[in-house]
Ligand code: PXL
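To begin, one chain is listed below as structure tokens, in the form predicted on its own.
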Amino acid sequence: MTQAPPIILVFAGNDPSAGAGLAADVLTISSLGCHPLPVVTAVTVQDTTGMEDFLVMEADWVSDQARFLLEDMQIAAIKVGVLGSMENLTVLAEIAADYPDIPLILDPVFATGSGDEFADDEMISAMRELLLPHTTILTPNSLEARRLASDDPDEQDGMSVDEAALRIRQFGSEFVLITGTHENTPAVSNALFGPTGRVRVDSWERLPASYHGSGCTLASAVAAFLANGMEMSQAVREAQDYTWHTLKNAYRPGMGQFIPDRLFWARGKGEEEKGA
């Protein structure tokens, strides 16, 4: 019998455009050689231009989806995106507490790329208290990191990335990868922080387009490389490289944002063979 690839349990909302959410996670995780288990936390009505409506799954359904799988298969990592409600957040915190040996990769999605809100201040506060103590690595952009680090908007405006990471780690997350897409810098610098402070900083060419699902792609890639046995620093580096190439090869199927091409490597190979 063929051995199963590393298995990753994914909590996220369904985005029917397949730019972000569960579809993005499934594409990324599959592309990197792992088997995704998609747990639906919410259903959205959206396209590449924005979100029209949002329906949250009942917490019992979220819990049952996950726990049946956890009792059936050996899970190598848990990747978390949109949860949608306090009840679903509590469900995940309970599952994380029951399975402390499984690495948890948390992408704190507070809004869509077009600005539609997914989480209010109450949920962000609960995330600090209930989820961060169980988080192996958190993958916020710089705006999300500052919002997680402080409730005071004035304090957020003047906060450095290093200070935000320090505060987040004090809430319990073992590692924090803060991405610099929203910073006013020529290149995009992403910084990984761990128990000893800064672990690494990687800089990437700033690409010109607006992308739908880049954060989902990065967090899922980190989960996949960790599930494949890499140590944290190398997994983060490889995940950034993969994500940057998905953005460089992104396409615009609709009238809104570009969608990362998570299968860029397969299409590139096919083009080369055709050209030969």
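It should be emphasised that the depicted structure is a prediction, and the values quoted were computed from it without experimental measurement. So that there is no doubt, residue numbering starts at 1 and follows the sequence shown.
Form predicted together with this ligand: not shown, discussed below.
Enquirer: Do heavy atoms from each of Thr181, Leu207 and Pro260 fall within 4.5 Å of this ligand in the predicted complex?
Expert: So, no: the whole triplet misses this ligand.
Enquirer: Given the stretches 211 to 219, 226 to 234, 63 to 71, 29 to 37, which is the single one in contact with this ligand in the predicted complex, using a heavy atom cutoff of 4.5 Å?
Expert: Among the listed stretches, the partner-contacting one is 211 to 219.
Enquirer: Sort through Val188, Leu132, Ala93, Val109 and report the residue having a heavy atom within 4.5 Å of this ligand in the predicted complex.
Expert: It is Val109 that has a heavy atom within 4.5 Å of the partner.
Enquirer: Note which of Leu177, Val82, Ile78, Ala145 lies within 4.5 Å of this ligand in the predicted complex, where distance is taken over heavy atoms; exactly one does.
Expert: Looking at the other structure, the residue within range turns out to be Val82.
Enquirer: At the 4.5 Å heavy atom threshold, is Gln46 in contact with this ligand in the predicted complex?
Expert: Gln46: yes, in contact with this ligand in the predicted complex.
Enquirer: Within 8 to 37, which residues come within 4.5 Å of this ligand in the predicted complex, counting heavy atoms only?
Expert: Those in contact are Gly13, Asn14, Asp15, Ala20, Gly21.
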